[in-house]
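Just one chain is shown here, as structure tokens, and it is the form predicted on its own.
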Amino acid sequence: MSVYSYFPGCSLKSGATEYDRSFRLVADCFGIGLDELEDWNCCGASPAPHHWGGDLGILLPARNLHIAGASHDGIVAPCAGCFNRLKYAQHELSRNDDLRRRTGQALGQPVHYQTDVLNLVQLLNREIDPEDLARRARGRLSGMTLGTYYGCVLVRPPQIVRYDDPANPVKMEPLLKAAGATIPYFPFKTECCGSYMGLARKEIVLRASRRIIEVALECGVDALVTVCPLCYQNLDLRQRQINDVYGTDYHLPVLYLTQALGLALGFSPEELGIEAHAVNRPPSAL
């Protein structure tokens, strides 16, 4: 059995506990071992210290890389923002001797950073055989049309994350198709939802997220699928705000990839935490 160091990050332990729950259920189904990092810390994605200058934006994710060390088969970060920060820190540490020295001083020992960093989609593609998934799913997602929404930071910047096509990512598709879903081309799959601007400039988030939902509905999807808690928040939790501001009547479910796969594997919406969503019903095709 493959075993990975598991970095849940702040979101999966607070506002996105259903993501953590559904990930663990799916991982257990396929014999994927998850060893949660002991004494992990925030990666810095939400407070964005990397915008402030100095070393803090590297030190925060570097400490988690250091805790993971070279143990297990790598470290998995389901949150797209956490994955991005871990990859960025690893990239910067690999090319800057002085930064490695300063980071080691802060940690009290030479920093260990050369573990394999994986995002959720990458891990599931590595560990799940689509034919095995298709047998287990028994076509449960047949008749469902899902829009795959990758967001900004899962595949960008490409020279750092080095995963999938930054303009047209497709790695969610084999898993969802194996589960029986129909996946149309969704041209807004990497459009920004407004990110953390919801606090300072909420109108930016509402405008950006509204356009994503609008295009998804034009593509005929029954639900959007994401791997980013912040994208989920802007697309699901803010739908009522979008409706209030723009006079729309959107009720489009937004699922984490692990929830969609969990439905395909026979778990109930309650087991997967879908009741915690603002649009808290599974897609009508189920």
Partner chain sequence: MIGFFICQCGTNISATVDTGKVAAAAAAMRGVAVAESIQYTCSDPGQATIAEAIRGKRLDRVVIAACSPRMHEATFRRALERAGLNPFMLEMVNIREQCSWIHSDASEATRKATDLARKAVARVRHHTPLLARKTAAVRRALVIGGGIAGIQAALDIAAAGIPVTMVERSPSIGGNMARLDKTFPTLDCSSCILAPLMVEVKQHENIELLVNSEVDDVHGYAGNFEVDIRRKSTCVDEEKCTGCMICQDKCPARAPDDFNAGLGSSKAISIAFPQAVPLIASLRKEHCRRFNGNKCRLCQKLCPAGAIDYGQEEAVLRRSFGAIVAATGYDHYDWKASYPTYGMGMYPDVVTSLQYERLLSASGPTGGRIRRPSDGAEPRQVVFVSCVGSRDESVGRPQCCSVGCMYTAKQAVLTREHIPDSQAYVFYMDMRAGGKDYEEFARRAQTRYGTLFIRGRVGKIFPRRGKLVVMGTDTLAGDQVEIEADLVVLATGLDASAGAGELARKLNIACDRNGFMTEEHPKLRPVEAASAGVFLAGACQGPKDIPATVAHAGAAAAKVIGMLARGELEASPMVAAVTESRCAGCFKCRGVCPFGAVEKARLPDGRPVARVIGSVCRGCGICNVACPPGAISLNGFTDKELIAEIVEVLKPDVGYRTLDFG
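Since the model is a prediction, treat every value here as computed from it, not as a measurement. Residue numbers count along the first chain shown, from 1.
Beyond the structure shown, there is the form predicted in complex with its partner chain, which is absent from this document and is the topic of what follows.
Query raised in the report: Out of 183-191, 140-148, 110-118, 123-131, where are the residues with a heavy atom within 4.5 Å of its partner chain in the predicted complex?
Result: Residues of 183-191 come within 4.5 Å of the partner.
Query raised in the report: Is its partner chain close enough to Asp28, Ile32 and Ser71 in the predicted complex that each of the three has a heavy atom within 4.5 Å of it?
Result: No: none of Asp28, Ile32 and Ser71 comes within 4.5 Å of its partner chain in the predicted complex.
Requested in this report: Find out whether any non-hydrogen atom of Arg136 is located within 4.5 angstroms of its partner chain in the predicted complex, and reply yes or no.
Outcome: Result no; Arg136 lies far from its partner chain in the predicted complex.
Query raised in the report: Applying a 4.5 Å heavy atom distance criterion, does Arg211 contact its partner chain in the predicted complex?
Result: The answer is yes: Arg211 has a heavy atom within 4.5 Å of its partner chain.
Query raised in the report: At the 4.5 Å heavy atom threshold, is Glu218 in contact with its partner chain in the predicted complex?
Result: Close contact exists here: in the predicted complex, Glu218 approaches its partner chain to within 4.5 Å, heavy atoms only.
Query raised in the report: Is Asn168 a contact residue for its partner chain in the predicted complex, using a 4.5 Å heavy atom cut-off?
Result: Close contact exists here: in the predicted complex, Asn168 approaches its partner chain to within 4.5 Å, heavy atoms only.
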